[in-house]
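Coming up is one lone chain in structure tokens, specifically the form predicted on its own.
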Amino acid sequence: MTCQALLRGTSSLVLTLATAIIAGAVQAQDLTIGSMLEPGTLDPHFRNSGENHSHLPGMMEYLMWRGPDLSVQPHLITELRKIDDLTYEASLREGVLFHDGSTFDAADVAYVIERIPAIPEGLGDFNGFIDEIERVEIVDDHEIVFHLSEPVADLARNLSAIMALPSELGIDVSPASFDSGASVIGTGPYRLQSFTPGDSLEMVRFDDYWGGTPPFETVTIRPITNDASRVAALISGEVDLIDFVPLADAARLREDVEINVFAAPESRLMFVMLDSIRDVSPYVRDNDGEALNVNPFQDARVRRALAISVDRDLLVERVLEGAGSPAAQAFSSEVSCTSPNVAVPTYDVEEARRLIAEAGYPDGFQVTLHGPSDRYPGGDRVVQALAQFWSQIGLDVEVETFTRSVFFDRARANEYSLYFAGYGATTVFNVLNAIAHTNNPDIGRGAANRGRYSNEEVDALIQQASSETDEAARCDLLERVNELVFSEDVGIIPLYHPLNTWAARAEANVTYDPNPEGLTWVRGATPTQ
């Protein structure tokens, strides 16, 4: 069921609770997860990242939830009713307690909407979800009205990215207060026990959780960024469950009767971003190693040459060992709002060489390709493969990788000429808004556009789509954006959509329900019955 499918007539959007989130008798079981990801902060609104969206929802809950089919479902907001394009009424769940014993109510929703743009030194990544909310009117403790400054295409989905906090924390509460643990007060099934960066995030069952008794007494998340170490920890019994199963180990673990493997396609696009804004790019050199006085990536012929000189079928089959599918645009073609006119680029080395020569680089040039060393399964192998593909068309590609904390900080500072990364989201709009709109963190657009690709027509279409409430009309706009970005401009080079894999020890009696967002949600793990 999609959010749009819940429209009743032209004036009402009603979301009803279908199933209990967590239920069952008290368990005496503990759970230890070995995760490649570690939250960069415990502030739920400071950084919009997979690290935070993976592990924080065990303690702090979204106002609305996203189901396994990515549809928006009721959660702390149980009903969202559209009155007109600028007015939505919302009913809040009653009987919900925060970990400090205070009651969740309308003031808490109004508080988080007010706090997000006021976060000291915040990255602004969450502003795009709430920018159009002009004010929150409190009707009573469990009824509110969202007043918008302009129409929003999917307010329910935007609210599914926002976590609840108690208003008593105050508007000036700092991210440091969360990282110390003092302000980590949520409504989730588990409450914070301790957080030691680089070592562990420990949670303990919240017995007063509104959704029923959480299934585990304690949950410990251990960040293990090294793939081999993560698998070794699983096999030795140090952890019960791991995420991001390395490609080299997935087949072997599937055949191991002592291990259970869980997998799902991920709603993430893996891509190459190019420096589109500078006339001289820092990591581009001539064949003598001297800085080029022009930026070749500003030439569409060069961008297209790079795109068609990558054999995506070979990349998926050999490098990723089948753990993915070739990408043409933001999402795979069966997803709504993707364009039927955009196909996976045809592998054509001869045409790529012709384009490079036509652009003025018959002998190629030197460039450094950057990527994170510890963020994506097989990512280190992918960047090496890209370097080999591009060597066929005359490019001398040096590969340089960093740990993800260093890599993404430098990417945000626009330090690279060419880099490999990924972006996952629940809709085509969210992907395009993040990576294809001109970078403008003040309005929450282009937050992940770290190559500074910019096209005024793309920006206008995305902005129009953000307020278009008719699904068909919105999809028409987004289809055109896909065509411009990935086919006509080749402003971003799409590579593949990954397959994410988790594994658990059979004797740990843990089942994991994989989700297309690739997030390791604590609530996705349950004791095997």
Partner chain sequence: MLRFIVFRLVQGAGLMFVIAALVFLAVYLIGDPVELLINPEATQIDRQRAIERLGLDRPVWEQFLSYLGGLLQGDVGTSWVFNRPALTVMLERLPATLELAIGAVILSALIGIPLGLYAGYRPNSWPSRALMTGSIVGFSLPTFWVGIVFIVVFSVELGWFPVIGRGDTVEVLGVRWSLLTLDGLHHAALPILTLALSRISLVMRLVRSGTQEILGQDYVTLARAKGVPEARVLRKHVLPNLMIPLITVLGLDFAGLLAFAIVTETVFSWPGMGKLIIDSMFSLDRPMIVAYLICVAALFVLANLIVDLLYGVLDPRISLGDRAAR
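Numbering follows the first chain given and starts at 1. Keep in mind that what you see is a predicted model, and the values were worked out from it rather than measured.
Below: the form predicted together with its partner chain, not depicted.
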Report task. Indicate whether residue 312 is a 4.5 Å heavy atom neighbour of its partner chain in the predicted complex. Result -> no
Report task. Could you confirm whether residue 294 comes within 4.5 Å of its partner chain in the predicted complex, counting heavy atoms only? Result -> no
Query raised in the report: With the cut-off set at 4.5 Å between non-hydrogen atoms, does residue 479 touch its partner chain in the predicted complex?
Result: no
**Report entry** Partner contact for residue 41 in the predicted complex: its partner chain, 4.5 angstroms, heavy atom
**Finding:** yes
Report task. Report the stretch among 221 to 229, 357 to 365, 341 to 349, 319 to 327 that approaches its partner chain in the predicted complex to within 4.5 Å, counting heavy atoms only. Result -> 221 to 229
**Report entry** Residues 282, 298 and 402 all lining its partner chain in the predicted complex, heavy atom within 4.5 Å
**Finding:** no
Report task. Select from the listed residues 394, 265, 197, 211 the one whose heavy atoms reach within 4.5 Å of its partner chain in the predicted complex. Result -> 197
Report summary line: Assert contact residue (its partner chain, in the predicted complex, non-hydrogen atom within 4.5 Å, options 170, 120, 95, 289) equals 120
Report summary line: Contacts from 427 to 453 to its partner chain in the predicted complex (any heavy atom within 4.5 Å), listed N to C, are 427, 430, 441, 444
Report task. Since the Cα separation of residue 68 and residue 331 moves by 3 Å or more in the predicted complex, tell me which way: closer or farther than here. Result -> closer
